[in-house]
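Only one chain is shown below, in structure tokens, and it's the form predicted on its own.
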Amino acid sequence: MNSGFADRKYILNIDLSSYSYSVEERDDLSEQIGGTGLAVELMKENLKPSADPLSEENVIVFAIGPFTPAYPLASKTVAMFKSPLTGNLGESHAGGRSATSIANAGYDAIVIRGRSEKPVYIVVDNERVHFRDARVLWGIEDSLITGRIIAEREKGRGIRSIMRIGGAGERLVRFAGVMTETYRHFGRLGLGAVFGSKKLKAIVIIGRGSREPLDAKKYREVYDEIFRIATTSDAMKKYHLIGTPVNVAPLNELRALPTRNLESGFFEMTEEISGEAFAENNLARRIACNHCPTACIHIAALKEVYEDEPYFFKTIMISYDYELIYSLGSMLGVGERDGILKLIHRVETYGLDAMSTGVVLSWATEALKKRVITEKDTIIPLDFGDYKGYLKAIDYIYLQPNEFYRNLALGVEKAAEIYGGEEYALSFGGNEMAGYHTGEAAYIGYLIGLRHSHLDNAGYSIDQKLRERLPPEELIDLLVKEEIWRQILSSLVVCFFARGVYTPEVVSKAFEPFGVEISEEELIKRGERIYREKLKLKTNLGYRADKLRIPEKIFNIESFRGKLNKNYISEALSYYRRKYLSI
């Protein structure tokens, strides 16, 4: 098989109900490019819109792009599924080695259906698929230990990827993720719970294949150009030196760093938890996703002393980034680096999404202070800044010892529906917010983005670049234009950090050595088609733009542009519905 640039796509179909698999050669899918575009088409074909996200009818699609593993930074895998958190379209991207392993195994996408009767993990070894008994692994709450055990049992070291869930996925926490390799995640929208519902503990992918360009000389020229831009760009250097935590201090200065469940956009302890502080005091090493020269993954060393042996300690290596420092730091009022690292490690252990975890706990803390819930519900006191209390609360989200924590495990949207406090339950389209209180563009971007993610259209970036507020119609068009181009990047599948590297001109040029001609204009048209088809799929799954809930609290907190304008957001959403939901 020769996945990627060939006219046909190779799809591996796996049925957990019958423990069977097959490979399709699809000539009709070449227009989808790969990644997101391909996943949308496969979801349309295989998913019943009425399917319960935690039933055997739900489908998981993993898809890669045509530049994997040909070019640097084309290192992401797209996962698509029906989200148990939102009840709508779920899409999550992860780096690491998974994309390269899938490509070298000969596939453009993997489709997983059904549900196993007993816990299993899957091994995809090039053209063969094995279903391993995972009953001995089921119940191991630590996703890191699970990965180590499987790594010892299976071959393919250096060319394999191991995706697995922790205890949160087994217990169907709706914002559980899937870990891949040691420090990468399919974090958002609950893929881990979908794994758990299917009794799927892990997937191992071993790829031994390779492919050659038609024009080796041209390929080397394009490769060298992309590599040069990637390694000399100031933006990419930023990601290498300090990583995304470089954003902590500037956002705080703008009063755009969500703090204590958005009590404000300013955290007085930012100097202690800035990217520079982590780099100076905690950084142990940097690592990269497969085929990436940037190495933006920053790893901290945390020394933990044993309680009964003060002169003995262990060192834990913990990956950190901006969103984790926001969600488990400023959002919870935690200003101690070691405390944040301990919270990150606990979330990583259980396999939870860090952003959702921080937001649900910050809501619970405010709800407790406002007596919407009581300490009988939370079991322990929850106080902003008390990381030790939050460590225990994270345990309870996993263990679900009472009705409150069972409801909290459904996400902040559902918890607030049950207990009240919706005005400060910070979710958009059912997905907990990211770390940007920059202005209207950020929040409108969360609302209309097809994943309700800050990465859909980068509204937070638009807020910071605009000198003055655009008319709402112009802002919507700008957000959608950006999201359309990102459909191409996530179909290739290129890391969004490299969006300044992979311009339309470079993308068009990068196809040529493999015998594919796509003009810049055609790329944009394909992006528009993918956007339309994804929006149709989302609508078929029940998305209603006129039903979007906007937390009242966002209008009460000053941003660097002043307070947000409710009428402006309403006008923008009305225009979006008129123009884009009719396509």
Partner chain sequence: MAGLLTIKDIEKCVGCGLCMYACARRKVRKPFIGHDHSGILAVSLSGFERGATIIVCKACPDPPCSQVCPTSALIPRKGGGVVYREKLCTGCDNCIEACTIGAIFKRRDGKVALCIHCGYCASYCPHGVIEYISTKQKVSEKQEVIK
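Residue numbers count along the first chain shown, from 1. Just so it is clear, the structure is predicted and the values come from calculations on it, not from any experiment.
The protein also exists as the form predicted in complex with the partner chain; that form is not presented, and the subsequent description refers to it.
Contact with the partner chain in the predicted complex, defined as a heavy atom within 4.5 Å, holds for exactly one of Ser508, Thr182, Asn282, Ser461, namely Thr182. This chain is drawn without the partner chain; in the predicted complex, the residue among Val59, Leu537, Ala70, Leu523 with a heavy atom within 4.5 Å of it is Ala70. No member of the trio Ile379, Arg544 and Phe555 reaches the partner chain in the predicted complex with any non-hydrogen atom inside 4.5 Å. The candidate stretches are 326-334, 252-260, 133-141, 95-103, and the one lying within 4.5 Å of the partner chain in the predicted complex by heavy atoms is 95-103.
Interface residue remark: Arg148 is counted as part of the site for the partner chain in the predicted complex, having a heavy atom within 4.5 Å. At the 4.5 Å threshold, heavy atoms of Glu474 stay clear of the partner chain in the predicted complex, well away from it. In the predicted complex, none of the heavy atoms of Tyr396 sits within 4.5 Å of a heavy atom of the partner chain. Contact annotation for Pro245: none of its heavy atoms lies within 4.5 Å of the partner chain in the predicted complex. Shown without its partner, the chain has Tyr183, Gly207, Arg208, Gly209, Ser210, Arg211 in segment 183-211 as residues with a non-hydrogen atom within 4.5 angstroms of the partner chain in the predicted complex.
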